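Here we start with a single chain on its own, the form predicted on its own, put down as structure tokens.
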């Protein structure tokens, strides 16, 4: 009984408890996120099994969901961490990840963040330009340390995804273009006392539902690695990135393990199977295993249709407003059925709209917004002076941890001091 399901009466459940029971046991008001830790752990364990006994590092992309309880769950399952800021690096270390399990990505790392990463001795800093290689070398010289770096290549591989989450095409801000890779390698080789070029990496975007584009990018990296070994003795790994999608309803996605197996196949075919394989899954580990619970404030009937008004809005879950993303909105107490409602939130923006969903002819009191375990709370805001939603962490049908927002009063105090 892992993940979201419905019981015999049709009520929405996580594990063996209904969402209503979990909210009541926590004494928490809505909006509230709920996460199934057992399902997250099982997904991570399945990935580790698929990666096999060969050297590997599954580095969880913390930007997807940075809750400490989830980080500790994934660390215990054997995963590392992919961070994109100094704050995430500090959180990863505080959550128990060892420095040699941590990668740092991102196109605009500050000098302070580079110093933090070099000083901690992390597994690798993933550089995104020739200019950044020079900056890392300068910071390593200032610290009297040798930095471990990996070059993120931009392979100009397009994927069938939203333009705002496609990162591997030639117009993206991410990565070193293929034509500039010789110059990037030369820049590392000029500073052998300061830089160790330990990896070549790629990340072409998010929401890949099949392994084929992932394999195309992986082949590019594997070919570069095979050639690079002829002139370098420091290369340790290839990193094929993340971006593995999930089924948000009606668009099935291959499981994470299928991408791991595809990555292994590419390494064998290209003769680099002896290198460590690194992957950076995020959404695929946590996305399906979180929901956002919201109370229905009221209804509204107009000549064009009927609205279901929630206490959760785009400040709590911004993906529909930002990406046009579709998250299934369903009654918490019964199965969704015929009877469409346009579901909207309280924020004073027209984009605060979760779309039209089959709810049933009568309006529910409580709804669940599904597949909200990734890029949800981490992107939430206090817009309109609305407090951040609570987070409830569930294991074996019981609440094991609660993280609650400080509320509007604290927001008012902070803004008064601004």
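Because the structure is a prediction, the values reported are computed rather than measured. Positions refer to the first chain, counted from 1.
There is another form of the same protein, the form predicted together with a small molecule; it is not shown, and what comes next is about it.
Chemist: Give a yes or no on whether every one of 152, 244 and 280 sits within 4.5 angstroms of the small molecule in the predicted bound form by heavy atom.
Modeler: Each of the three qualifies.
Chemist: Taking any heavy atom pair closer than or equal to 4.5 Å as contact, tell me whether residue 354 reaches the small molecule in the predicted bound form.
Modeler: No, residue 354 sits far enough from the small molecule in the predicted bound form that none of its heavy atoms falls within 4.5 Å.
Chemist: With a cut-off of 4.5 Å between heavy atoms, is residue 372 one of the residues that contacts the small molecule in the predicted bound form?
Modeler: Residue 372: no, not in contact with the small molecule in the predicted bound form.
Chemist: If you check in the predicted bound form, is residue 148 within 4.5 Å of the small molecule, heavy atoms only?
Modeler: Output for residue 148 is no: heavy atoms all beyond 4.5 Å of the small molecule.
Chemist: Would you check, heavy atoms only and a 4.5 Å threshold, whether residue 315 touches the small molecule in the predicted bound form?
Modeler: No, residue 315 is distant from the partner.
Chemist: Partner absent here, but in the predicted bound form, which of 294-302, 181-189, 263-271, 199-207 has residues with a heavy atom within 4.5 Å of the small molecule?
Modeler: Careful reading of the contacts points to 199-207.
Chemist: Identify which of 386, 56, 63, 41 has a heavy atom within 4.5 Å of the small molecule in the predicted bound form; exactly one of them does.
Modeler: None of the other options qualify; the answer is 63.
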